[in-house]
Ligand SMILES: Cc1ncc(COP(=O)(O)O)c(C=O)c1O
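Below you'll find only one chain, the form predicted alone, shown as structure tokens.
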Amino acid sequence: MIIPNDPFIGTHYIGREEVKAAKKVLKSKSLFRYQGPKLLYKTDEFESNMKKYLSVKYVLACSNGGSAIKLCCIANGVGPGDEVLMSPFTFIASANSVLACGAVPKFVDIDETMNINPDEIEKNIGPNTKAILVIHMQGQPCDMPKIMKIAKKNKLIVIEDTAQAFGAEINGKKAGTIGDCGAFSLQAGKTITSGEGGFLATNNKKIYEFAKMYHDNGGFRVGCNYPIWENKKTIFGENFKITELQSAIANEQLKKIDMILKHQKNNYNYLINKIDKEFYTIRPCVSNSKLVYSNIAFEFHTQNECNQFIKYMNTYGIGFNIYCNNLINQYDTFKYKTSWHNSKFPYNISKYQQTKCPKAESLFKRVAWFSLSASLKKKHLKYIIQKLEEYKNEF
């Protein structure tokens, strides 16, 4: 039996509602959020609905999760010469957005949760440290209470990369709403999706307005009027705007969020409650946190044990695997300071330093991941449980 294990959660919930919403936008011939023959204001509607869901004052929809991180950095004044503390266990887009601002990441080790270790954050704060980029990895929130205390004590900005954890909570607060601002993704592999797209969330009006200008080529726009660049407040910027078509689809996906999270949680609990937790070490989480159950992860004592388990499960059509080939701090740009420009920007203007992350180096090779596809059926879950039990008995 081949078991579904794709990571495309929201994608599986695309149905008649999304098709109908997309058709309406297409018929309006108004795909640009600010202008069109018959503008439906779907982006405004999405931002309004997202503010209510997250219980925040401001939401800015944008082109993708990476641009949302960059907007968070820029709106908080993170730039050339600055250092941003972050985990190396993530997708490269998190670090790319920091580099694109002229700042550099400083990689900090993780703990057993596979998220950034708050104790290691404190050890790595230096004179150039400006911010902490908190990455809620694979549906699990970081230890935000500890991180916020450290940030407050050291006057650091906290930006939450919530791309993989939309819907997660800690102490009753939504991930992405606890720091100075949060970046979210609507990419195909996320909890809800419009294929691509993203958004920024914050309670700070100044952050929101600055990000809004930058994402609109640096212009100041009121409503849907043409922007101006001559009020002595405007800047240069980039075009990070989302389309009405994406917003219409994301709006329908947001209506399904509770159903999506409940389905994922039920599948996860069904598996967890029927396996031997003395034999299988499950990825731990921070107390008082509510997860997005996008996967199941088992930690093994050695890399060989992990590989042996993966090979066994793959033989029976169950796609456990190592999460990534390497930590991003081992990628060329960080090892050799390679850049799109021969000046080596931004490494040439920053004191980038390679750091050692022994816990991350060891742990990511010893953890087997399985994506909890939204298309998993009860028969699939029973089969997985059966094979987990058989593996335990054999090894």
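Quick caveat: nothing in here was measured; it's all calculated off a predicted structure. Quick note: we count residues from 1 along the sequence shown, nothing fancier.
This next part talks about the form predicted together with the ligand, which is not shown.
Partner proximity in the model of the complex, defined as non-hydrogen atoms within 4.5 angstroms of the ligand, places exactly one of 150-158, 182-190, 215-223, 281-289 at the interface: 182-190. A heavy atom within 4.5 Å of the ligand in the model of the complex is found for one listed residue only; from T243, N295, N251, S94, this is S94. This chain is displayed alone, yet in the model of the complex one of S194, T202, Q164, S87 has a heavy atom within 4.5 Å of the ligand; that residue is Q164. Among residues of the shown chain, I135 is one whose heavy atoms approach the ligand to within 4.5 Å in the model of the complex. Taking the partner from elsewhere, G66 is found to have a heavy atom lying within 4.5 Å of the ligand in the model of the complex.
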